[in-house]
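Next up: a single chain in structure tokens, the form predicted alone.
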Amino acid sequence: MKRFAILTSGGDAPGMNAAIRAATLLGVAAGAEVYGVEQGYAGLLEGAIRPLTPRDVDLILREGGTILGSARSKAFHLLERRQEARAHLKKHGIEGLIVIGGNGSLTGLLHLTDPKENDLGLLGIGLPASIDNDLGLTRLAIGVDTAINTIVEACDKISDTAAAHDRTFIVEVMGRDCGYLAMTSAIASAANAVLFPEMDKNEDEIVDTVVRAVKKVRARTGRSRRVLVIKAEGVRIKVDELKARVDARLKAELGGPEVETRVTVLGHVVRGGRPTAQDRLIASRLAAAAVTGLMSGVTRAMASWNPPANLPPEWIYGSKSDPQCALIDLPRVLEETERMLKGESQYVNWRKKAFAEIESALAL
């Protein structure tokens, strides 16, 4: 392969720049010319493609976001627009594409490399990058570790003021329809309750969960009575409505001094910041696997971090030189992702079971 391009798409994730850097350096070292596509698939449709050199990516692994920019494009769903995208790649002599992004981004790569409409023989490999950790057949995606650390740091600071005033805080974190960030940050921040979409609770049961946690903690004597509740944004009750209903229940059931409940929505602050060392390393190693695969002719695959050990051999492409990385058949990845989002995968069921077992212990 003489030329390949790198594209970042969808929501940005800390560590994307580390992946861009590693892919560029390794590609150049292998004798290829490397290009960057600016502004994701939207930029590809406009032909926003430029060369990337080692000097361009020298120290970018320290930075959050992505130097290539990112944008979503509904137009990319149309066959004629994908043909335009391929024409831009052909114009620059690009034979392969590395896409760094989430579910929608990798689905776009699958369509772009579809042999039924891809007469250029374009090869493509994806890298999982999503702070939500909502991609199948990879234990972690790029950006997850940084996002968790950002949440935990914020919750530690909130806990300080909550403990000083014996207050209850409901902290909403990102994650869309996946509760991974809420689950992991709840454990790491010593939360008293966690609300996540996969728990399959209705609104009344969600309110009960919070009220029960508050009452358990308020019954303590001689200790801090701060309450920290982590709520995933995908839980189908708005955080302000949850606060109002919890406050009403507590007033009716506890009486006496009012229990002060506060709400903090962390929002897009979770996406930002310099990537942790782990995210930089994961991104670099996944990029190395992708470049190695692309240069040897692998296509329609995703570089996976620590994938499940029991995958069928035919799902794995190329030699597994890195014990924690593998190139997994992209259609299989997206199928498992769909099962995860529907709550049907074995991994999601294990998480639900694990949290059901520890829920009663959180508020002790």
Ligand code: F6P
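Quick caveat: nothing in here was measured; it's all calculated off a predicted structure. Don't overthink the numbering: it's just position in the shown sequence, from 1.
The form predicted together with the named molecule is left out here; the points below concern that form.
- Contact annotation for residue 174: at least one heavy atom lies within 4.5 Å of the named molecule in the model of the complex.
- Contact annotation for residue 271: at least one heavy atom lies within 4.5 Å of the named molecule in the model of the complex.
- Interface membership of residue 289, defined by any non-hydrogen atom within 4.5 Å of the named molecule in the model of the complex, is ruled out.
- Contact check for residue 11: a non-hydrogen atom falls within 4.5 Å of the named molecule in the model of the complex.
- Highlighted residues 72, 132 and 233: every one comes within 4.5 Å of the named molecule in the model of the complex, counting any heavy atom.
- Considering the named molecule in the model of the complex, the lone stretch of 279-287, 175-183, 239-247, 86-94 in range is 175-183 [heavy atom distance within 4.5 Å].
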